[in-house]
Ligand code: E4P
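Consider the single chain below, provided in structure tokens and representing the form predicted alone.
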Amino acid sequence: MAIFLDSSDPKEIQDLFAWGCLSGVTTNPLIIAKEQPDAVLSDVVKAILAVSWGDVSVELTTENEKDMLVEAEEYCAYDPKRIVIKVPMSEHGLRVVHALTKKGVKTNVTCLMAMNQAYLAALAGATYVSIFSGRVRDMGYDVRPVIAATRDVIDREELDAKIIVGSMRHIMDVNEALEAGAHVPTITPPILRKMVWNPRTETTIEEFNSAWRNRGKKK
């Protein structure tokens, strides 16, 4: 089990990695476009590598097989041991994953909505298969059976792929993903921070601290 941070903000990544709970980072063009619209991708990725540890997923933005492989080679050069190439699910994507796997490059097949897609990606050699929880729910489906079925088939056939579940919108999404068998929930900073907090925890801490501050005082 592990938790990845879904962010492209190096300052926030550095702050949250200091908790000691995180094992990697996932990024995507949408996150970077929202958080740093004027940024140069290579600069963002290098900054993330400098303030984190573990795998860092960087998504391809080109759409044909040749260009995707060239782009992947550029990203891998940043840190071959840590960079994971995020490849969108498609026929082109599967060919790219297969080609990169033969070169020893780690891959993360993304935008998955169903077990059959994840199974194909795992067979092609994907290091990670990323199921999008929130977007599956948007289609009107419960994502938990998708995660559970994917975990069952990966375990049964002894495939190497790990299941990432992303597109988290609530703390409950994280809990359900873990309970259903996800190897790695990837979580945005706001949701990760909410996971720390509980009202009963707050009142209990205050009760203990108040008792210590007031020790020895007459009632």
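Each residue number is its position in the shown sequence, starting from 1. Bear in mind the structure is a predicted one, so any value in this text is a computation, not a measurement.
Another form exists, predicted together with this ligand; not displayed. Remarks below refer to it.
Site annotation in the predicted complex: the residue of Arg135, Arg144, Arg82, Arg95 reaching within 4.5 Å of this ligand with a heavy atom is Arg135. Listed residues Met172, Leu30, Val40, Ala50 were compared with this ligand in the predicted complex; Leu30 is the one with a heavy atom within 4.5 Å.
With the partner left out here, this ligand still marks one of 175-183, 159-167, 66-74, 41-49 in the predicted complex; by a 4.5 Å heavy atom cut-off that stretch is 159-167.
Shown alone here, Thr150 lies farther than 4.5 Å from this ligand in the predicted complex, counting heavy atoms only. Relative to this ligand in the predicted complex, residues Asp6, Thr26 and Lys86 are all within 4.5 Å by at least one heavy atom.
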